[in-house]
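Below you'll find only one chain, the form predicted on its own, shown as structure tokens.
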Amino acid sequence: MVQFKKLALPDKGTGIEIKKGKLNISDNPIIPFIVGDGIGLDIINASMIVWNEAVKLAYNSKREIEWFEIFAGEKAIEKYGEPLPEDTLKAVQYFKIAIKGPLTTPVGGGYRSLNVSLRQLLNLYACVRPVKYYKGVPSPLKNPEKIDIVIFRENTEDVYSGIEWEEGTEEAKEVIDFINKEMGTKLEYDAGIGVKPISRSKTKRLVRKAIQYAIDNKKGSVTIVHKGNIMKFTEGAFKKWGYEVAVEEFRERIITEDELYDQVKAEDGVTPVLKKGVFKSLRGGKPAGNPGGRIVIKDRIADQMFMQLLTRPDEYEVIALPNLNGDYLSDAAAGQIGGLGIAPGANIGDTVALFEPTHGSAPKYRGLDKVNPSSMILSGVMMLKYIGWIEAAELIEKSLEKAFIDKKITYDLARQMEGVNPIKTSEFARAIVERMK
């Protein structure tokens, strides 16, 4: 059994193992959790009520999660004198699955983003964010029910890799000197400098995971999103390598959009987009033109994709893209279905998965029992699905939606609706539990 400096293991429960590439889950797995900063305690307390009750009801008290608190952020500084102790990394690696609240990232100074550090140190290369509309939630769209996508964002490269030098430093001057002299550029010396690495190996593992997810969950399309028309050797390469892994490793399960276009044209002798039903199928819609149920692999320029998610979101199901654009697009998509308050997330590697809400720590609301815990709750739903406890996950989703429909909502959603009085974070959790029964 793993040893820790300042952590005591739960008295009950078993660790999660991986056997033959698959998770081996007992009826009482030990799952570490991090409360987080700011509103972390409010939302994780509410979420625990919902998760525990759903597991109890779904499995007639025969299953139970043994929660194991580990530390990062403010609580870690208090306990260890540092924001991300070795104990925490060791625990997540050993138990394979963990869930966390939001962590504060100091702006302009202090320590580096703990969220980014966790992803890089644990090699959690895929940020997975489902964006799905729930009835009863106010949305700026006319038909938000058309949105049901899963975003796979590369987590470890791009401009988020942390390779940068501050303007005016000796390091920045040396880099500018080298680039100007050796590469013939004319960079200004009052510039801050950052590096944008996008590699073949890390692109392929991300797109591979997105395609495998589409296969496992019977999705109709995977869209590679990039800005390759401008950044040809980074984002353009992301597109190229994404298609490569699709064709080389999933040839019998996929068809590219170009192949589908040519196939339909050859069969009918007409331009496919003029045929009824094929227009949507070329973009991954479900009606027609997808021979043998194969997954359509396609790509879109990033700025075009933002527009497409607004104008025809039902033509997209799984989306894979580099780090920065993935950050933008996932938040923009969440805004279409009610905001970050109901947008869950996970950071997943080959053997470890860390689930978390997508919003920040909102320290001004700390301890007010006011904020929406749905993103935290739904991150737990993702976790339950990941370990195969589908019945508990679906029970939470159905009960959550009933609460929304009944207008049992927190202030962030209530202020978008007329004549609706908000309820507290803890009351919202109890409202979900009541609807489970």
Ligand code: NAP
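Position 1 is the first residue in the sequence shown; the rest follow in order. Every value quoted in this text rests on a predicted model; they were computed, and no experiment measured them.
Here the subject shifts to the form predicted together with the named molecule, a form of this protein not shown in this document.
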Using heavy atoms and a 4.5 Å limit, would one call residue 12 a contact residue for the named molecule in the predicted complex?
no
Taking heavy atoms and a 4.5 Å cut-off, does residue 140 contact the named molecule in the predicted complex?
no
Quick check on residue 67: any heavy atom within 4.5 Å of the named molecule in the predicted complex?
no
Taking heavy atoms and a 4.5 Å cut-off, does residue 22 contact the named molecule in the predicted complex?
no
Position in contact with the named molecule when the complex is considered in the predicted complex, options 96, 129, 119, 227, heavy atoms within 4.5 Å
119
Could you tell me which one of 215, 159, 362, 301 places a heavy atom within 4.5 Å of the named molecule in the predicted complex?
362
Of these, 96 to 104, 322 to 330, 247 to 255, 193 to 201, which stretch puts a heavy atom within 4.5 angstroms of the named molecule in the predicted complex?
96 to 104
Just to make sure I understand: among 403 to 425, which residues lie within 4.5 Å of the named molecule in the predicted complex, judging by heavy atoms?
411, 412, 415
